[in-house]
Structures are given as C-alpha cells and as structure tokens.
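First, one chain by itself in structure tokens, the form predicted on its own.
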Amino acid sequence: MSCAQTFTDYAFRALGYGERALPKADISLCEQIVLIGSGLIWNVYFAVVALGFGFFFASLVAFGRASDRKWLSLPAATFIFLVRGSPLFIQFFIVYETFVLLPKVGWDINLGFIEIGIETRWLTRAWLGAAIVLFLNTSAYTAQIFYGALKSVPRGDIEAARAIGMNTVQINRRIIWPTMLRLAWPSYTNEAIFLFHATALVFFSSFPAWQQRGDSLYYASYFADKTFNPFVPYPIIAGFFILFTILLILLFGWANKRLNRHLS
C-alpha cells in the first residue's frame, strides 16, 4: 500500500471516516505516522475546548477571587485550591466515577411551559467527560495566574480612570482586564502548553474512546504492542507534540505582541 493510499484510508479514522480495520501485519512507518497523526485530532480537540472555555471561566473566577465579597472570593479560592491541590490523573477518576452514578437515560426537567430532556450518558465518554475535566483543571490554574496579575495592576491606572469619571464596569473592562492579560500572558502561554501535553493522559483515564476513535497515544500504544518496538511510535507522537508546541508558542507569541503593541 502506498503512503498516499494510507493517508486516504486512515487520515481521519479517529473521527470515524475511512478504513475501520487497523493494520495488523507488516505495519509500515507511513501507517504509524498517519494513524498517530489522525489520533492527534482528538488531542487538539481536548486542548481547544478546555482552553477556549477555560479562558473565560478562569477570568470570572479570578475576579471573584479578588473580590472583597466573601460569597464570591471564598468559593473561587476553594475551587482553585482543590483543583490545584489534587493530581490531574486523580481528577479524571473522581469525575468519571461521579458521572457513572448519574442516570444513563438522563433527566426530564419540567419548566411548566416546556419540558427539557438532559442527556447524561455522554458524560462518561472521553469526548465530553475528559474535556470537562481538562476544562476545570486549566480553569483553576489559569484563574490563579490571572489573580496574581490582577494584584499587580498599577493602582495609579485605576485611580486615573476614576478621576476621569469611569464607573466600575468601565474600569474593569478597559483598564483592569486588558492590563491583567498583558501581565499574565507569558505565564498563561506555559499553562496552554502544559494543558496540551496533559491531553495525553486521557488515554490512561477511565473515560473510554467512543467506537475506538482514540487519541494519538491510543494508536501509539497499539503499534508498540503489535510491533514490539516502542522506539518508533512513541518518538513519532513526541515529534507531533513538539510541532504543535511550536505552533502554540508562535500563536501565543503573536497574541502577546498584539496585547503589547502600544509598547516599544
């Protein structure tokens, strides 16, 4: 089988398209690269979902943590402490077992004028359950980074904003939040890289892959078992992660320049 045919058959197997049967004999280097690359789609998915939603949730948690109101700061500080204080691998198991206890058929919520059905069976699948765990994890770490940046916002900038008549909402939106992002961005870049690398732990968690649509480590482990040679598939997956880490650095570096474009 040519490499072009291998790409056609397996490039999107992780999404359920193409050849279903995995190669079992005479496994070529091209097949390993293509299938591991196909599984990497899920790693990128987990990272994008967790970082995308976690960024905004972490901003809310950070502002809550910095609030003078105890009913906001105490829950935010507790959430940050519990998530940062427990290993990510343990969080996968705790959340999975919690989701398993939920009814498989879901709940029907009657609002009077309409009845809404909430599905719960998908929470035990990797594409949703594992994404929720990663979202909560990166939200806590990011919130702590943002909280530290909030405490570093110059008081003079806030006082100047009040002097020209800005209200609290305007100060938060135009002064505090942009300054917080500029101060926190280098550390947040490291958190994004760590989160992307942490997506490899999904393979070891309790969350099963749906219809064998596994991530990159799923295929790397398969090839290591079939060929009895771990020194080919695992360096391949490491190479893919290094390439995507470089892309993350470039993307976040560009964003950092945009945030600080007013500086020389």
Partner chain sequence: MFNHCADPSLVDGLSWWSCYLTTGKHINFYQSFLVVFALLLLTVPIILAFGFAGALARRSRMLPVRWFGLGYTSMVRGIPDIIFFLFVPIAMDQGIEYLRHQWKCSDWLEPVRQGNDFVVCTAAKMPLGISPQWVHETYGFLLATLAFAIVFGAFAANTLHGALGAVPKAQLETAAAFGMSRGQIFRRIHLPQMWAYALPGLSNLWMILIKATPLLFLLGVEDIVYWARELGGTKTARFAYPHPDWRLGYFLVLLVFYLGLTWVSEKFFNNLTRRVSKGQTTIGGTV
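Being a predicted model, the structure only gives us computed values, none of them experimental. Positions refer to the first chain, counted from 1.
Another form exists, predicted in complex with its partner chain; not displayed. Remarks below refer to it.
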Can any non-hydrogen atom of Glu159 be found within 4.5 angstroms of its partner chain in the predicted bound form?
no
Looking in the predicted bound form, any heavy atom of Gly85 within 4.5 Å of its partner chain?
yes
Spell out, yes or no, whether the shortest heavy atom distance between Phe81 and its partner chain in the predicted bound form is within 4.5 Å.
yes
is_contact(Phe252, its partner chain) in the predicted bound form, heavy atom dist at most 4.5 Å
no
TL;DR on 149-157, 172-180, 185-193, 120-128: the one with heavy atoms within 4.5 Å of its partner chain in the predicted bound form is 185-193
Could you tell me which one of Phe63, Tyr234, Phe53, Tyr45 places a heavy atom within 4.5 Å of its partner chain in the predicted bound form?
Tyr234
Each of Asp9, Ile41 and Ile132 having a non-hydrogen atom within 4.5 Å of its partner chain in the predicted bound form: is that the case here?
no
